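Next come structure tokens for two forms of one protein chain, structure 1 first, structure 2 second.
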Structure 1
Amino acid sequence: MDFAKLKAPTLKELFVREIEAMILSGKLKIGDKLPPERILAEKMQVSRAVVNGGIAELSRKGFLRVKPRSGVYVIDYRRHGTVESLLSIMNYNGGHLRRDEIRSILEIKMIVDKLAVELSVDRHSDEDIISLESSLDEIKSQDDSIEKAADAAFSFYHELAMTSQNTLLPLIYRSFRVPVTHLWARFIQKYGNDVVYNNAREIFMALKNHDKAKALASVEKAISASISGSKEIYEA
């Protein structure tokens, strides 16, 4: 059995987590101004370098904004955040996603998968089909581990985006790797790996046969079932 290597968080990581938790819990509200770096450093018993680095990271994630000669303010991460903001929300919730976030990710996934299918039908090469079939076979072979099966499912749909020949689609899909893989693991735990394989195979066969309507319908059916149908995966 493999055991993960333990790694202690740095002071900057602890600072970032604490400020994120205060924002996500509502203790710090949109528009609130943070104390000066010197005061924050004294109150939290860290160096100003830790505070400065943490504020820079929180600004990059869309939680804070630094206004020159004015100060540091809490901003609406829903408007200014990134996928990293979503990961921070997951961590704050103990690694789980809320219902609205799950639905939103699935809706984005449907858009990406449908566009990938629509483009791939006309653009894929024989080599693309071989590569996609290999990814499909990998899903089928992962019956002993939910985590490996989830990774295999992610890889199949990422490969599907690759076959679209659109440069950005695989990058967009990959940027959601952590939350999407989390959802795959939950789906497999509830409904089994065979369902994932059969859905993916249906899309694959439609693509191979250049049947755009069938491929699009297959994507719609599979994801709609998880959004508001027989295969919902919302957290209990």
Structure 2
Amino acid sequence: MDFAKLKAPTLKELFVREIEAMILSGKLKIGDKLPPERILAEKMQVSRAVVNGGIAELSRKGFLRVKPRSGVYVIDYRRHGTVESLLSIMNYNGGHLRRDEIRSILEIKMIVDKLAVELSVDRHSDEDIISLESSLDEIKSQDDSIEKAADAAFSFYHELAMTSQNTLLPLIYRSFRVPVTHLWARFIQKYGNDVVYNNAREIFMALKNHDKAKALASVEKAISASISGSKEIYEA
């Protein structure tokens, strides 16, 4: 048996979640001014340090705007947020994504993987092939734990992005780690990790043989499988 790792949330994390929930639920509206840190700390029964730190984090996430010596204001996260905001939204919905968010993720994954493959076919080195293959094997060997298999699948595609020699591709890909891994876990749970492994293997082989057309086709095939798979899973 593999037990879940427990981790006690810190007060700052709790504070962040609380405010996030208030914003996402609409209790706090765009333009609203938050109470002063002192008052907030008093009402929520925490120290100002927690409030100050939490506000700083929410500011970096694109939910709040801090105007020193004036106040803290709620801003439009759909306009100022970064990819991380998605995680907050996901967590707010109890770890689940909406249909249109899944579609959005897969649309992005399609072009990201395609670009990765397209660039990698010409640029990858022998070492890249080796590390890719070991990532690939990792997917197959994780047939006991769904979570680990999903992580392994993510690692493979991440490694793929690394071999593209595009500095940003891995960074973007990593931004989606949580939701993508989450999707895959569902997928593997229903269909087993064989499907994921075979898709990855097909891409890998084409890449190794410098067959760009085949590699791109394989990516399309893999994502298409994810799309139809996600439909079945989430429409059930």
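None of these values were measured; they are calculated from a predicted model. Residue 1 is the first residue of structure 1, and the numbers go on in sequence order from there. Rigid core (definition): largest C-alpha set, two forms, superposition within 1.5 Å.
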Item to check | Panel number for the form predicted in complex with the DNA | outcome: 2
Checklist entry - Going between structure 1 and structure 2, are P179 and M90 in one rigid part? => result no
Checklist entry - Which angle, in whole degrees, describes how far the smaller rigid part rotates between structure 1 and structure 2? => result 16
Item to check | Angstrom shift of the Cα atom of E13 between structure 1 and structure 2 (superposition on rigid core) | outcome: 3.0
